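So this first bit is one chain, no partners, the form predicted alone, shown in structure tokens.
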């Protein structure tokens, strides 16, 4: 009988609480991963999936502890004399920039674990590092070894993290949301790399993710978790096409599909009714400042953005990030902006938001010139336009309580008549995005990444903007919370005329949310069309390629029938 790469038996993890019953984060979970198998663990935020992964690598936060159960890797129990992190277990974290030390070169970071666990020399570590860099597909590995993390692209950094995880030939690879921040083309490359490593090296992989399309494409088996318990386990083809548990059925129903456009996203029956009532109240009270159908609300003409570098010892280098981009957004319209990393979509959004000055061209918001030659950005533009940034870790002030962060723009733009009114609106906004009223008294560091993004969305909606710029607003949210947030945005659009510039690499979400879609490549818009037409009959080769690379839940059926769906 083959020894499992990972075996978990009846795992229970408990967090003691003062004057309350202990919180059981994981309750009786068992699973087994064979060498070469990719096993996905899915569920909502708080389901316990990351806690299971943290237990394997010894990162359970105190005062939490493993109450019972056993974990073994390659047949060896965890511990100093058994399986160890770095040697037997490799880990790919969600954000490669926080996984890599910005002060050290790639070579020093790859060699550190090998020197510690394997006792190799510096020369041996360098040779092994070059081999790993080639194995994960990093171009010019000799040159990249001397680079620092900030000198690599996001996809290259994630490949370096994977190389580091493989450096000591582990039996098990834990991948915690490895592609969340990556566009579809880089995501496809990373997922194919993980699949190839499992097949070629006999590596067991525990994949923690909220992306059900990713699960359908590369996983062999799946565990669905809810409130700390495993409610369903089995082969991917069976669980994703014919789920038995009611929760699994509801979770899959909440996944946005690219094949058809729905009026609303399905939400789980366990959704807090208080949150639903708060969303309805916000939508009903939102109408202040509506322009009455004037169009366009936003108009961008011939936008050009160039960045200059060098010039001290030679001629400056000019990079054109945005090249003659034009579009408009009417009141109540949602325009999607899609493309690979580096195509210029976020730079375009930042110009509209007033965060980047254009080299040429202009942007007009509600008729006022807000970007371009002679532009003066009135204070009113800050109320009309709000932005939800991609990274909730850096966009929230760590020194302010959440309630104050949300209330400040409400008070600044005089949306509330008093501080008491602002506090009431803050509580409603927190409930609307699925957080408790008590969250107002806490600081940002007390929340998970998904919860922080919900706070960012609540803050952006506070001044009741007419245009919301959403830069990857749901990339860190699980499908159930994503469904709730997107339904809220749909309600505000329908009932108040809220317009949105929706920047995302998740084309399934773009299909569901947007009226029109602009596809960007190398700084230019290569296709702009109604969303239905663009997804059903794309005209540009680049658009068709992006669409083909999307991981789709529907492909689970093909895999169950033994038909390959992988895009190479």
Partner chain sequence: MLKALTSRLTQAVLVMLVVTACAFLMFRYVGDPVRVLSREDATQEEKAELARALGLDRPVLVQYGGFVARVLRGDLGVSFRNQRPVATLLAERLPATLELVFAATVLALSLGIPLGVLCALKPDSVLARAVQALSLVGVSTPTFVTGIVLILVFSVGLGLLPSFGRGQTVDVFGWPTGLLTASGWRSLVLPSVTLALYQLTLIMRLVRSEMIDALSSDYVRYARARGLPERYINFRLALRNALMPVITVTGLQIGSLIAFAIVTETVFQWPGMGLLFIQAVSFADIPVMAAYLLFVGLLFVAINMLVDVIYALVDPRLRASAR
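Numbering follows the first chain given and starts at 1. Everything numeric here is computed off the predicted structure, so don't read it as measured data.
Keep in mind that the form predicted together with its partner chain is missing from the display, and what follows is about it.
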Looking at heavy atoms inside 4.5 Å, which stretch does its partner chain contact in the predicted complex, given the options 241-249, 96-104, 327-335, 427-435?
96-104
All three of 59, 86 and 109 touching its partner chain in the predicted complex at 4.5 Å, heavy atom to heavy atom?
yes
Which one of 308, 373, 419, 150 is close to its partner chain in the predicted complex, taking close to mean a heavy atom within 4.5 Å?
150
One residue of 206, 161, 297, 388 in contact with its partner chain, assessed in the predicted complex (non-hydrogen atom, 4.5 angstroms):
161
Do residue 255 and its partner chain share at least one heavy atom pair within 4.5 Å in the predicted complex?
no
Is residue 91 near its partner chain? Define near as a heavy atom within 4.5 Å, in the predicted complex.
yes
Going by a heavy atom distance of 4.5 Å, is residue 165 a contact of its partner chain in the predicted complex?
yes
Hey, in the predicted complex, is residue 117 touching its partner chain, heavy atoms inside 4.5 Å?
yes
